[in-house]
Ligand code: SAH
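To begin, one chain is listed below as structure tokens, in the form predicted alone.
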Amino acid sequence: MSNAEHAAILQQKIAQRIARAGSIDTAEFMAMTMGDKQHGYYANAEPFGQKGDFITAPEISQLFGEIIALWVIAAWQALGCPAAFVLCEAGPGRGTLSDDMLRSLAKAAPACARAANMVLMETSPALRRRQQEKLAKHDRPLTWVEDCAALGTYIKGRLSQAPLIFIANELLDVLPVRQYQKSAQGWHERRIKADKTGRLHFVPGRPQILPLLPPDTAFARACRAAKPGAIIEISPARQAFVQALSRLLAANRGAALLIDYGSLEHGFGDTLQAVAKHRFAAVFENIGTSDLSSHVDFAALMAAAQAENCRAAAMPQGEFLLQMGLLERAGWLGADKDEACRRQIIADVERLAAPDQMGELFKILCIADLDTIMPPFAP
């Protein structure tokens, strides 16, 4: 079945859902578009790489995975160099980051590599097969789980005393988000309906109180003072994910890195976007054939982690990579290369860390149990 046929069937399923319910929210639209088991984006698309829809940091350069591996080693040491721990990557894509991490761990810290029990959190059967093929050369057991609940069951059943080191790169942005817009009557959830021709469009829902918003904060006051037309995005799915992960870290000890694009402060704006073949696309066009995502509110996620008795701190990706030794590692990598290769390494470093590229837009959130202090984040 072609992508166009999948898109047509998915469009029909969404239209039928709207016909039954009257309208749907943006979270349900994102969930159906991206996660439908037969016709959704991740069931059929080849999203990664030059021939796909976007390129993630691990696909840009091996340097990214090598720096993340150095952080894994630091986390393992901060946890007391346990003889066994769970190393989990969530949303591993084609397995590139896990591949670079495992290779780097084996070279830089063999004892850490031996202690690592590799788990991949993935829901797509097609991507699981790609990951298995990519990581087969490491000749080590691999375990797949679908969510944090299954990860907790695995740890409890197989490694009850083992801490957890968790990595997720560009996972949070695809978790569903709900949008609310201010009018003269108050805040309304943005709903999605279909016109007579089947084209989708936004309509306002009933006035309501914003959910998941503490009443006595500066941002809550800013919401009350916001002018008509202002939009806010709230993601119960992201907060639930971080809460579940934080509970695992608090119970088992450990640390996590969550890497994505977004803001360190609460804010306003419509960030819902579609990307196809490395270009922005219309959100309601060619449904199921474009990657759909939105910016991450890292302030909300830090609060969610702290509410589960964990430490939480975040910084821009560029700052993290530089503090972890990106320039030194790049210099070593290019020392015996020709001029063209060195120029490419410099370009990759700039793309990953420069403020006007990925360095400032992307943030890195670190969550750890209360007894684990993780450099380079504030103690």
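One-based numbering along the sequence shown. Since we're looking at a predicted model, the values are computed, not measured.
Keep in mind that the form predicted together with the named molecule is not shown, yet the notes after this line are about it.
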Choose one stretch from 298 to 306, 201 to 209, 169 to 177, 245 to 253: the one whose residues place a heavy atom within 4.5 angstroms of the named molecule in the predicted bound form.
169 to 177
Considering Glu89, Glu189, Glu233, Asp100, which brings a non-hydrogen atom within 4.5 Å of the named molecule in the predicted bound form?
Glu89
Just one of Thr26, Gln317, Ser61, Thr56 has a heavy atom within 4.5 Å of the named molecule in the predicted bound form. Which one?
Thr56
4.5 angstroms heavy atom contact with the named molecule in the predicted bound form for Glu146
yes
Answer yes if any heavy atom of Pro163 is within 4.5 Å of a heavy atom of the named molecule in the predicted bound form; otherwise answer no.
no
Exercise: Gly262 in contact with the named molecule in the predicted bound form, heavy atom 4.5 Å:
no
Considering only heavy atoms, tell me if Gln239 and the named molecule come within 4.5 Å of each other in the predicted bound form.
no
